[in-house]
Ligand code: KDG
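Listed next as structure tokens is one chain, alone, in the form predicted alone.
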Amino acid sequence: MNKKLSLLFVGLLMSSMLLIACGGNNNAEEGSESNSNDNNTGNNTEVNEDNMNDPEAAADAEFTIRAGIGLNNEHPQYKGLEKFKEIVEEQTDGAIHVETYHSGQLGDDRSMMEALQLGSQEVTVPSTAPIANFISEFSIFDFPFLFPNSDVADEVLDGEVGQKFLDMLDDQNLKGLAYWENGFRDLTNSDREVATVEDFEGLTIRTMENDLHLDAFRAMGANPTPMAFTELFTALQQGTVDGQENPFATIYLEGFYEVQDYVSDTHHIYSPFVFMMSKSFYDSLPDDYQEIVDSAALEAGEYQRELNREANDQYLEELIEEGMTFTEVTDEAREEMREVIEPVIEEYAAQLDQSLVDEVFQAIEDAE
């Protein structure tokens, strides 16, 4: 009897350890600021019931796509996923069933990319920052003031240069299908208005844990402090840091207006999303289904970009209505900021393929 009880105890203990190990980390990667969007739903690890309420459709489908993101279901990124689902299911007559998951329900950006590589997940849409962990060339999209506006970003990303980066994903068992939009990152703080490079002096700003970003803010006189996004609201509330930088949508949806007084449209970094699919899954699809998925990713991306730009304009207005002081940064001031951090950009550009860097800058120049 004692032996049986001992074996039962060991079995229960091993089962508990397995469940803990499988739980994983559902905080989203910094590139998407994923918990960002939870707007009090952050770190929601419950299964999205919307995807589970039609078991018949899933059972009848030839293929199932599990598409996961870090942002919440109020963000334009998730609305884009819903559009992708609508197009694919309609054009395949339900032969492909798409399940959409938000708020890091399937993991953070990096873990979801790894799941795509393993074939245990089919779609995710990370920012370019976490992609650089897999393909260093993608770090060029972290260069401050790379794109002067969204029109130029669209032309470059949707052109030959953008396609060249998408093609690099193949070697990682990932299939890059389209560029969506996270948007321009802007600054908030509780100390003062920021309109010029001099106004950064001494500000303690939470940034992503990205060496290029850290060095760029240091060059402008700020004290950048990397920390987990999940800790940011409390850090702002307690004054551990003076400010942070994110797109307006994230700033509003996270409620940072409750603990921040000033917002400036610094537009210091433009961050794309990359719609990607597991290459092994993509290759398993018939040619006609591949074409449908390709066009759906592009069409949903155009829809998502438009929503994102409308949302950012709307959220800026709402931030002002919530009592934040808005400071408009001039093009001249942004150019001065760029000149100050130019040595930092040159240092990091030297670590990449120079011909590729030149090609990106030339494409931007041609698009302006």
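All values reported here derive from a predicted model rather than from experimental measurement. What we label the rigid core is the largest C-alpha set whose atoms superpose within 1.5 Å from one form to the other. The numbering used is simple: start at 1 and walk along the sequence shown.
There is another form of this protein, the form predicted together with this ligand, and it is not shown here; the text below is about that form.
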So if I measure heavy atom distances to this ligand in the model of the complex, which of the stretches 167-175, 70-78, 188-196, 154-162 falls within 4.5 Å?
70-78
Scan Val125, Leu116, Val293, Ile131 and let me know which has any heavy atom within 4.5 Å of this ligand in the model of the complex.
Val125
Does any part of Phe273 reach within 4.5 Å of this ligand in the model of the complex? Heavy atoms only, please.
yes
In the model of the complex, does Met208 have a heavy atom within 4.5 Å of this ligand?
yes
Can you tell me whether Gln260 touches this ligand? I mean in the model of the complex, with a 4.5 angstroms heavy atom cut-off.
no
4.5 Å heavy atom contact, Phe184 and this ligand in the model of the complex
no
Indicate whether the candidate residues Phe200, Asp242 and Thr327 are all in contact with this ligand in the model of the complex, with contact defined as any heavy atom within 4.5 Å.
no
Members of 97-119 lying within 4.5 angstroms of this ligand, judged by heavy atom, in the model of the complex:
Asp109
CA of Gly159, rigid core aligned, shift of 2 Å or more between the shown form and the other one
no
Superposed on the rigid core, does the Cα of Asp283 end up 2 angstroms or more away between the shown form and the other one?
no
Taking the rigid core as the reference frame, tell me whether Leu169 has a CA displacement of 2 angstroms or more between the shown form and the other one.
no
